[in-house]
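In structure tokens, one chain follows: the form predicted on its own.
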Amino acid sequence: MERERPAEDDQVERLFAGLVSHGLIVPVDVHGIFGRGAVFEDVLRRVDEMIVRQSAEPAESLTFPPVIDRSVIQRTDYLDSFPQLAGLIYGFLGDHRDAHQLSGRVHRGEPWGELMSLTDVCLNPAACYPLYPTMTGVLPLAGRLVTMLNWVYRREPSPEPTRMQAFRVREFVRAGSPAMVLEWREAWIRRGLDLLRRLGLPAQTEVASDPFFGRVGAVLAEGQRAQQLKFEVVVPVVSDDHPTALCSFNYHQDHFGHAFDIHQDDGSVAHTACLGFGLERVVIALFRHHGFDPDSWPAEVRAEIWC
């Protein structure tokens, strides 16, 4: 007797097939990687602009490439907490004899990874990471607020279209005293929830944790939830029982301040918080709830995006 397919699998397939058939995404042979069509990109750009307009105070705007100095993930202990997600970059550093050996192995279908060497850069695993090394030193009296639109890589291949290996995040980072950082984060949690609801999405907030690795990771995750260091705004996309996080709001305490020698003007270690909207996830949620043709979306939603 054939086992019944989980309902979530059917929802994943229907959503992915709809996005593909309407030219919104272009599939490739690797799970978690796909091209974006012109309509998808237009909605994404407009949603991003809408998010930026929600900031209650001016923010510095910076742009970073999708690769960062490998020492950043070492200084932040990323490989202790999330080794399963890291994307390290290897390159060929051999001589002509090694190159001949490499070519032969590739054409014979043999393993060739051992002929590559670890480089000094890696794929960026978190939208805020490129910023912290630039903050080393003493912050202005009012702290700093910076926004970025960054590509992020996480090695978690999946056929589920909202779980991508490479995606874009609209990020804001606040650095300063604990009071100013927490006040800013709390204001943005309310602002982010309101924004997604104005887009006609059934959004809710919940206390969350990061995907820490292993048995020790379970303890870290529970501590993160207990201290309410991470909140997410979630929306049902491929499952009503397990909604998808579209944005997150994280309080790092003084973790990055210590790691990168970031101080306030009184000499104390600075605290930081960040918020990030997963732009592809927001766009896919819009197509899931309003249909694959933006021209048919509710007028109030279109007014928010095409203002």
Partner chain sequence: MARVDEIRSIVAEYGRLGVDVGQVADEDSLYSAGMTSHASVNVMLALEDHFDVEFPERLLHRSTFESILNLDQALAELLDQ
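Residue numbers count along the first chain shown, from 1. Bear in mind that the values here come from a model prediction, so they are computed numbers and not experimental data.
The same protein also exists as the form predicted in complex with the partner chain; that form is not shown, yet it is the one meant from here on.
Residue contact check for S81: one or more of its heavy atoms lie within 4.5 Å of the partner chain in the predicted complex. A residue is said to contact a partner when one of its heavy atoms sits within 4.5 Å of a partner heavy atom; V219 meets this definition for the partner chain in the predicted complex. Contact check for D77: a heavy atom falls within 4.5 Å of the partner chain in the predicted complex. Although the partner is absent from this view, R108 stays clear of the partner chain in the predicted complex, with no non-hydrogen atom inside 4.5 angstroms. Checking G223, P157, G94, P133 for any heavy atom within 4.5 Å of the partner chain in the predicted complex turns up a single hit: G223. Contact with the partner chain, judged by heavy atoms within 4.5 Å in the predicted complex, is confined among 125-133, 110-118, 97-105, 208-216 to 208-216.
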